[in-house]
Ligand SMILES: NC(=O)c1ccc[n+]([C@@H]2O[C@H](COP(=O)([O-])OP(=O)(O)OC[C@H]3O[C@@H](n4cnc5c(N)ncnc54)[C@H](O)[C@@H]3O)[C@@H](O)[C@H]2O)c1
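A single chain, nothing else alongside it, follows as structure tokens in the form predicted on its own.
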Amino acid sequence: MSKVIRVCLVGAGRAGKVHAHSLVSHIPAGELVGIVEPVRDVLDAAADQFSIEARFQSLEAALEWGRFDAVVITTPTFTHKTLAVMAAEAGKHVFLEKPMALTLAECDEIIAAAERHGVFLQIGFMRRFDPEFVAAYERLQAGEIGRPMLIKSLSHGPGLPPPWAWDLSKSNGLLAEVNSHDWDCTRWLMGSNPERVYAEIANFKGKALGIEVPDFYDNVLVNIRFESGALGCISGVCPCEYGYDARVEIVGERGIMQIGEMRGQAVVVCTNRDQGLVTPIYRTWGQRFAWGYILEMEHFIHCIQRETPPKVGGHDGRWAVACVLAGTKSFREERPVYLREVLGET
């Protein structure tokens, strides 16, 4: 019988609770044994919710206790490098939520620490595990619509992100916090690295919401050229108010493929002629990708048990960060930016 993998959660916010629920309710091979959260009230509330006794206000304290095999890090982006390197140096496997880090140098430090200490590193790109996206990828690989020529991906989030995410120096903005998934899934589905990007941003709601930090934006549109010659487009809106919306369309040489839809349930209601047909929409990202989150965590646990590397790792996280940095450079300099400019290639 395989060893049960003991996990310590680092960060007890919304994403942390999603992963805690997966471990506690759906993954017998993994056991949530500890929680790290600096805010005491938040820590106690989460630990009580999941019946966890081991509670720490710092990762250092948790590592001193040490009775776990892996960490799941869901803290703000600007903390990722320090926490991930610390865990790897202590010999703990690392599941790291997206975005991987703020800079490519930080990504490299995380990757190097994991390799140096022989631990696995998985990045939280749950779309790669969502049943619909997996089915689409397999059908693309089978050549069902021919060679992909064009991809359009969108992520629109319903709520305003936390205050630290408004500051690009701490988060890299909407392109990172919301659209990291689009950067990764377009690269994955198209089977090609982005070569050049051009980004336009807009700020429609910031002033009314009292946000005055430099370079804040709540809408972004990116055009992409891939190394394969294919084209792409990413749109991001946050807050979008109407619900959580994540869809992809791919045009191939022989057909078209669409992934996802706005309907949250296959239920349609009509109560009067004026209102028309009404159907539920996904209200949150946790609802839309519920199985994606469960299956990505199950994959992480099984990789540790079987001593096999995760199929989405630091290399993929680094590419997404590079795309974010290229997009940011593009809208700040008002020009197309080649990925080689941020990757340091000639």
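Remember, predicted model here, so these are calculated numbers, not experimental data. Numbering starts at 1 and runs along the sequence shown.
Although not depicted, the form predicted in complex with this ligand is the subject of the following passage.
- Though the partner is left out of this view, T77 does reach within 4.5 Å of this ligand in the predicted bound form, counting heavy atoms only.
- This ligand in the predicted bound form is not approached by H93, whose heavy atoms all lie more than 4.5 angstroms from it.
- Although the partner is absent from this view, P38 contacts this ligand in the predicted bound form, with a non-hydrogen atom inside 4.5 angstroms.
- This ligand in the predicted bound form is approached by P162, whose closest heavy atom lies within 4.5 angstroms of it.
- Partner contacts here mean any heavy atom within 4.5 Å of this ligand in the predicted bound form, and among 274 to 282, 29 to 37, 301 to 309, 61 to 69 they occur only in 29 to 37.
- Between this ligand and the residues D182, D130, D218, E97, the one pair within 4.5 Å by heavy atoms in the predicted bound form involves E97.
- A heavy atom within 4.5 Å of this ligand in the predicted bound form is found for one listed residue only; from L83, L154, I111, C240, this is L83.
- Looking at this ligand in the predicted bound form, residues V10, A15 and E177 each place a heavy atom within 4.5 Å of it.
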